[in-house]
Ligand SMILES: Cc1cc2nc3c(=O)[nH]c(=O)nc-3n(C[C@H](O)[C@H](O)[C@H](O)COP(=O)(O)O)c2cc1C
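Given next, in structure tokens, is a single chain: the form predicted alone.
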Amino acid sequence: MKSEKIVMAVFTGTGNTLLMAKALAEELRNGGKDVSVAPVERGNVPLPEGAALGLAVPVACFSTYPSAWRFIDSLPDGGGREAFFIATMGGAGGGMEGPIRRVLELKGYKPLGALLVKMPGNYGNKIINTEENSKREKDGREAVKQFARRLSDGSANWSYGKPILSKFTARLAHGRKPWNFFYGMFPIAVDPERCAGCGLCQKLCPEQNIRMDGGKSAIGERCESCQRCVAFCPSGAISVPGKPSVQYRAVGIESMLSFLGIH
């Protein structure tokens, strides 16, 4: 990587992606790079002249969430600036890095490398397996460390994914159908008895899909199931009804609020 300055744009749900993005930023800083990390919710994150672009998103539907795609699709012309990509996943990525690479190439960015990191799952966790989660986090940090070195010495790679599958899932992920289907299977609901009416979930929702109704949170029809509200509700009042799980988040509430600039 030739660029000395790097801007990393991050979309995160439960905090897995933010955790790995910060770990990567730390490794790059240790290598002498000037790295800033910003949420995609800010829209077109300012890219100083000559700065490289880093993208960090979660895998969802073998692609990524509409909130992340809107940011990627709205990126300005790259003008030959360098770009790299990381994603966190609970299982498989399905080649989702391919469509993102193609979009960036069409916009004039120079792809340097991509990394998919397996992190603790955030669905159906009946218990929090702290030992397994710690191992995945440790393995993720090591993978990120090695990736930073490959970016620095120019040996990182970025595949075109699985052309038929990844192109199809990327197109699906841009629309509402997969998210409506998933939400229909696993609707996210608020327990009014546990809801403290703090309104934090409303502030956190990337789709602005949560409103306060009678002092309690109410989820609308545009949910993309990013799990952010589930993960960061202080009273654990938001969950998938009938699906036993323990609230999981990879970073603390204050860290998430600070990252998103919420006060």
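Residues carry their position along the shown sequence, with the first being 1. Only a predicted model underlies this, so the values are computations on that prediction, with no experimental measurement involved.
Another form, the form predicted together with this ligand, is not on view; read the next lines as being about it.
Q: Examine residue 61 and determine whether its closest non-hydrogen atom to this ligand in the predicted complex is within 4.5 angstroms.
A: Residue 61: yes, in contact with this ligand in the predicted complex.
Q: Using a 4.5 Å heavy atom cut-off, state whether residue 78 contacts this ligand in the predicted complex.
A: It does not: once this ligand is placed as it appears in the predicted complex, residue 78 has no heavy atom within 4.5 Å of it.
Q: Is there a heavy atom of residue 154 no more than 4.5 Å from a heavy atom of this ligand in the predicted complex?
A: No.
Q: Would you please decide whether residue 106 lies within 4.5 angstroms of this ligand in the predicted complex, comparing each non-hydrogen atom pair?
A: No, residue 106 stays farther than 4.5 Å from this ligand in the predicted complex.
Q: Specify the contacting stretch among 190 to 198, 207 to 215, 61 to 69, 29 to 37, defined as having any heavy atom within 4.5 Å of this ligand in the predicted complex.
A: After filtering at 4.5 Å, what remains is 61 to 69.
Q: Have a look at 119, 112, 115, 170 for me and say which one sits with a heavy atom within 4.5 Å of this ligand in the predicted complex.
A: Selected residue: 119.
Q: Pull the contact list for 163 to 185: residues with a heavy atom within 4.5 Å of this ligand in the predicted complex, in sequence order.
A: Read in sequence order, the lone residue that approaches this ligand (within 4.5 Å, in the predicted complex) is 182.
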